[in-house]
Ligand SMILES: Cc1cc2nc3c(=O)[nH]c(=O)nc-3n(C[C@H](O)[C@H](O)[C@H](O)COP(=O)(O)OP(=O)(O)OC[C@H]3O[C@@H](n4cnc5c(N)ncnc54)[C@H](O)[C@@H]3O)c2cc1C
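Starting off, we have a lone chain in the form predicted alone, written out as structure tokens.
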Amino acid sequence: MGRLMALSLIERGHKIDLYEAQGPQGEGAAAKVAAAMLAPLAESAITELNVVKMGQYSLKRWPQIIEKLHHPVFFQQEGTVIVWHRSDAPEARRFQGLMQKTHALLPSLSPAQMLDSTAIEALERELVPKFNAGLYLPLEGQLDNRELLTAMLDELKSAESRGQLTLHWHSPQDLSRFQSAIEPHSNQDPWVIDCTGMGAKTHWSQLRGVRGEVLRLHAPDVHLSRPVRLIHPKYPIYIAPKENQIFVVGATEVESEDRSEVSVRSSLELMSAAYSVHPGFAEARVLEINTQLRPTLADNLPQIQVNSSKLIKINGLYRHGFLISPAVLDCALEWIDHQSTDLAHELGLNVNRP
């Protein structure tokens, strides 16, 4: 969120000081660990309609953002395939019902399509014969989060070389230092924009971390061309294919701020669930097993806080960071320009004036 904001403000002619508590590679950020799936309809089964609206908006914005970057970023919009084992058909019907309710409220979303074995084979032939029923969610997408972080880093370094930006790595800051430099109602003071995620706990009430655990695998024997989700009452997972036979596998969500390494049980559950989707994962090589905290507010929804002292705080993107960040970005930029945002009202994003 901070890198997107900085690049957008530079593009508008602003001079930026960017402070980052850790280094340039995104250490300590959920953005580096995430699968970066852009799946508003699939996520509608577990989130609110306003998040779905933000996700739908952001799907159109991501190609525009990526097009301006000089470093290539993998992006696709080939939809999502959802499958389940026969014993989990009741859970699949429940999931489908939730998505149907979302589509009824937001008909501009492409509806889910039922798949039989022939249709599954046409989309992802390696899922047959293990699965003979599924759902296809057209137009959903994904991007490569690490390529995006690298591309934005290159742009930031280039802007610094042109004198538009000063980068301060390994520079944790106390927000009070900047607040004290802003005079109320002054037109001359700079804007202060806080995108520090979990670093904002000292000054953002009810902010908590939700632990997530993710595998990164190299699987030459697996050929999936789009994200696949497995419906399961205990081990629901997603498998997000990246370039060069790299797959990101995850789904665990734990109400804990424990940043320690992934447990043996969690690792086995993720690996077993992946293997149950495709036997080719048996010979996959484990590149990484990562854990990170998702910054989450009490209602699990994002929020922008603004005040009259030219301070903006953005937080609470939870598990939807890549899904909704362009929408949150554009709402914040609109506020900077006009001290109001019709877009936030349209999308249902909470802009709070404490």
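No experiment lies behind these values; they were computed from the predicted model shown. Each residue number is its position in the shown sequence, starting from 1.
Just so you know, the form predicted in complex with the named molecule exists too; it's not on screen, but the next bit is about it.
- By the criterion of a heavy atom within 4.5 Å, residue 21 is counted among the residues contacting the named molecule in the predicted complex.
- Although the partner is absent from this view, residue 271 stays clear of the named molecule in the predicted complex, with no non-hydrogen atom inside 4.5 angstroms.
- In the predicted complex, no heavy atom of residue 102 sits within 4.5 Å of the named molecule.
- Taking non-hydrogen atoms only, residue 195 approaches the named molecule to within 4.5 angstroms in the predicted complex.
- Site annotation in the predicted complex: the residue of 313, 319, 310, 53 reaching within 4.5 Å of the named molecule with a heavy atom is 319.
- The partner is absent here, but in the predicted complex a heavy atom of 199, alone among 280, 236, 209, 199, sits within 4.5 Å of the named molecule.
- Note that among 217-225, 171-179, 86-94, 271-279, the stretch whose heavy atoms approach the named molecule to within 4.5 Å in the predicted complex is 171-179.
- Along 12-38, these residues reach a heavy atom to within 4.5 Å of the named molecule in the predicted complex: 19, 20, 21, 22, 28, 29, 30, 31, 33, 34, 35, 36, 37.
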